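Listed next as structure tokens: two forms of one protein chain, kept apart as structure 1 and structure 2.
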Structure 1
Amino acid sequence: MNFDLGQIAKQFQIYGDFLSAEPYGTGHINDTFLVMFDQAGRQVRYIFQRINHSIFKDPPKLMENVIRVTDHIRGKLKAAGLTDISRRVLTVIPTHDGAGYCGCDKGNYWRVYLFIEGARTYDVLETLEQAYQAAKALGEFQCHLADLPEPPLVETIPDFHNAQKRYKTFLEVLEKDSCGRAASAKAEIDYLNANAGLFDVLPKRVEAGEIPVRTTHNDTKINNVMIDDETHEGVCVIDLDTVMPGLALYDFGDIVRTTASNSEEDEKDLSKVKAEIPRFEVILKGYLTGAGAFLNQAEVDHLVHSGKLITMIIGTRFLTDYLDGDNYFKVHRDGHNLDRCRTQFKLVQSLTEQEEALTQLVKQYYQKIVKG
């Protein structure tokens, strides 16, 4: 798509002369651009994003969420006496009428953020320290939002982590088998059906009042944390479109899913897919350092389970899409979604096989970091 970003920029409180714009980042949902302005002889960069309103059905409400969250975190950082706040939380640039977005050109919705200089994201971990810093930043993010005032944020994607609903959809697609692919995925179908009990554990704890619904990020991939170029600290959590009510365990589980194994998400050689205990250990240490103070005992007791759960949910989604003809996830080869599913299920198996050792690590570090 071609967008006149110079004209779009005129809607926002940005001063100076428009210089250039280029696509930026590796995200697959929104269209993101790095835009340069000359402000009194100094070049200043901004992030422009077109919100994908096919995925996010109500961009105005989404931006209300983003502004509430960033304002609340900014207040926490000020109270803590920090001075580099504009690098530690996203800054939404308002339009000339004070809104956090503009609706323009053919029904599109645009927003603008300050560009955070001197930090970057990593699609692939280069060091275990990066895993620690990312997990710590995401834990702190949850901690900052633990006292976000009512009302609850809007659900930007309803039932995003509703495992029981995902499984029901899988069963419906399997029964139809409209693409005739069920036979080629028999082992994966059998594995999912045999392990579907994973999906019932947390809902029962929530219903019993043991695990609270909190304000959570819900998409805690490593590349949603910006790492400082010099200090290597995790400085800013980004991609706030899915920040909404959820379980803290969903966020930790997704960190485990995307970080505990050194393999690619679509690795065909399943012998390479394994949850590595040193990786889990640094994730756990970072997360508990950031979030441990507000977690209750039931949440701590289910940290290992959360890694299995979120990985199983994603595997279920890949398998469902494979059976349904690859309509949701982009594929680049025949059987791509089935390969992705197999990788997720192998990681679940690896986490299960090492569950006792991982649980002992949770007990050890919770006592050491949180209880002291």
Structure 2
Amino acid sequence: MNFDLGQIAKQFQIYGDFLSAEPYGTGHINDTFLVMFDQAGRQVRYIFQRINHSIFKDPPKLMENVIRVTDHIRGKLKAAGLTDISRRVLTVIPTHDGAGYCGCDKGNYWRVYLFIEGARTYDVLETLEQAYQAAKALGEFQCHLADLPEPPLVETIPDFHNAQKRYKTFLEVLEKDSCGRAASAKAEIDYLNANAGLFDVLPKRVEAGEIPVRTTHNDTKINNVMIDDETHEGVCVIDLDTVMPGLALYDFGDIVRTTASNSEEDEKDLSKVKAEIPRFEVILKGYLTGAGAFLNQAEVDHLVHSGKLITMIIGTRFLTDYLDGDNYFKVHRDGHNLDRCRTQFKLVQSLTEQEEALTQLVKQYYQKIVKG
């Protein structure tokens, strides 16, 4: 699709002259562009995003969430005496009417953020230090939102991590097999059916009141944290579209999913996909350092489970999308969603094989970092 970013930019409170726009990043959902302006002889960058409104049905409400969340975090950072706040929390650039988005172009919804300079995202983190820092930033993000004033944020995608519902949708799509792809995914379908029991564990604990619903990010894949180029700090948590009521465990689970193995989400060589204890250890340490103080015992007891669960849920979503004809996630090659599903299921296997060792680490570090 072609968009006239120069025209769209005119709706926003941005000084200077539009220079250029190019697609940016590797997100699977929104259309993201790096847009350059000349401001009094200096080149300044912005992030423009077309919100995917077939997935997010109510972009104005979504942007209300984003503004509430970013304002709240900004307040916390100011109170803590930090100075580089516009690198530590997303800044929404308003339109000339003062709105956080513009619905100006053919039914599309656009928003603009300040570009965070001197930091970048990684699809696969390069060092253990980055992994520690990213997990710590995500834990702190949850901490910052623990006292977000009422009312609760709007659910931008209802039942987003409702695993039982995701499984039911998978079964319906499989039954239809509208693209005739089921035969090519037999092993994955069998694996999912054999392991769907995983999906029943947390709902029981939530129903029993043991695990609380909090305000969480819900898409803590590791390329949603910007890592500072110099300090390697997880300087800013981005991609706030799914910040809404959820379980803290979902966020920890997605950090495990995207960090525990030193491999790409769509790696074709499955021998490279395996949970590595040192990687799990640093994200556990980072997350507990950021969020540990508010987690209850039931949450701590399910940290390892959450890694398996979220990886299984997202594998299920990739498989469902593959069977359904690739309508949800952006794909860049034939069978892309099936490849992604395979890496997820391989990682679930690897986490399961090492469950005992990982559980011991949780006990050890919870005692040391939070209790000690």
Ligand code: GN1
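Just so we're on the same page, rigid core means the largest C-alpha set that superposes within 1.5 Å between forms. The first residue in the sequence of structure 1 is number 1, and each one after it adds one. Please read all numbers here as calculations on a predicted model, not as lab measurements.
Between structures 1 and 2, only structure 2 derives from the form predicted in complex with the ligand.
Here His336 counts as shifted, since its C-alpha moves by at least 2 Å between structure 1 and structure 2 after the core is aligned. If you fit the rigid core between structure 1 and structure 2, you'll see the Cα of Phe170 move by 2 angstroms or more. Superposition of the core reveals a Cα shift of 2 Å or more for Ser271 between structure 1 and structure 2. After superposing on the rigid core, the C-alpha of Thr320 is displaced by 3.6 Å between structure 1 and structure 2. On a core-based overlay, Ala183 has a Cα shift of 6.2 Å between structure 1 and structure 2.
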